[in-house]
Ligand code: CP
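Before any questions on binding or motion, here is one chain by itself as structure tokens, the form predicted on its own.
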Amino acid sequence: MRGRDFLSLADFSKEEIQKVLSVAFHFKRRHLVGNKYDTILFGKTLAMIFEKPSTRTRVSFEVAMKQLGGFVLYLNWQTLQLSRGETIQDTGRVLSKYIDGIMARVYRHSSLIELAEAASVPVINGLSNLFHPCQAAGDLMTIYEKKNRITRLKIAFIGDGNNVCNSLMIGASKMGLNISVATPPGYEPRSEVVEMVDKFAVKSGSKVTLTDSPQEAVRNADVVYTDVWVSMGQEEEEEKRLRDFRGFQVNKELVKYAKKDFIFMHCLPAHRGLEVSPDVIDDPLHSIIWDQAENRLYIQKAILALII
């Protein structure tokens, strides 16, 4: 995997995704016994370009790189020449002369593709409008950690067919998990993503279901997952979205349809009282959101170690 871009889980085989998870668990085991630091990336530098705000992605990548012995440059899109019209291709060519890898968090996925095509160093997708592969990889790690397996479990994703949903569907269909996605009409995952996922599912044997019924999606689910209804860049749509997503809140009534030992996941940040009720997200028996967030650190370490 050395030297490859990490733009979507669709670009990687089941065995390669398993390798990422295996290396992530290696780093977590070391971390838990006090061996947080390594020198595998000593002398290497990661540039992090942020067009959109971030908490977990920024902190986990920055800490991961430093704990692996490397250096980090935080680059705000608005303070780069990008904000004055320099192309992202030229930015990628220039940065490649200085650094060993680029992580970018952008609005348009096409910006990542242009950056990766121009750069001569690996480019990592820290989030785009289409995919969030680092989040999905961390989610797979967390599910495996909590359930001791991945295959033949059922994930129910309730909400918007957004970038997190897209990557989770890809990860699930690659690894043999069943996934049921419930969205209001008009908010389904993109058709090209569904077509891609269906092909992966045929090979892995996973079952992918799209529905407009949250109850049907959650029925007998091992994992119940949701995300915000209004993502960054969609603020102008907030009033309409809040109206359209009524009935799609993950609450105590909805999770009754899941298995008794279900786990609740949310990629965060969360809006309690909107996409999820406080008594679900803060339920100490079922909610694993803090472990889910923690595992982003180990997944970032694995991705950085493998491709840089």
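So that there is no doubt, residue numbering starts at 1 and follows the sequence shown. From a predicted model like this one, the values you see are computed outputs, not experimental measurements.
Same protein, other form: the form predicted in complex with the named molecule, not shown, and the subject of what follows.
- Residues of just one listed stretch (22-30, 38-46, 274-282, 54-62) have heavy atoms within 4.5 Å of the named molecule in the predicted complex: 54-62.
- The named molecule is not shown here, and in the predicted complex it never comes within 4.5 Å of any heavy atom of Gly34.
- Contact check for Lys174: every heavy atom lies farther than 4.5 Å from the named molecule in the predicted complex.
- Residue contact check for Leu268: one or more of its heavy atoms lie within 4.5 Å of the named molecule in the predicted complex.
- Put simply, Asn166 is far from the named molecule in the predicted complex: not one heavy atom of it is within 4.5 Å.
- Contacts between 90-120 and the named molecule, taken as any heavy atom within 4.5 Å in the predicted complex, involve only Arg105.
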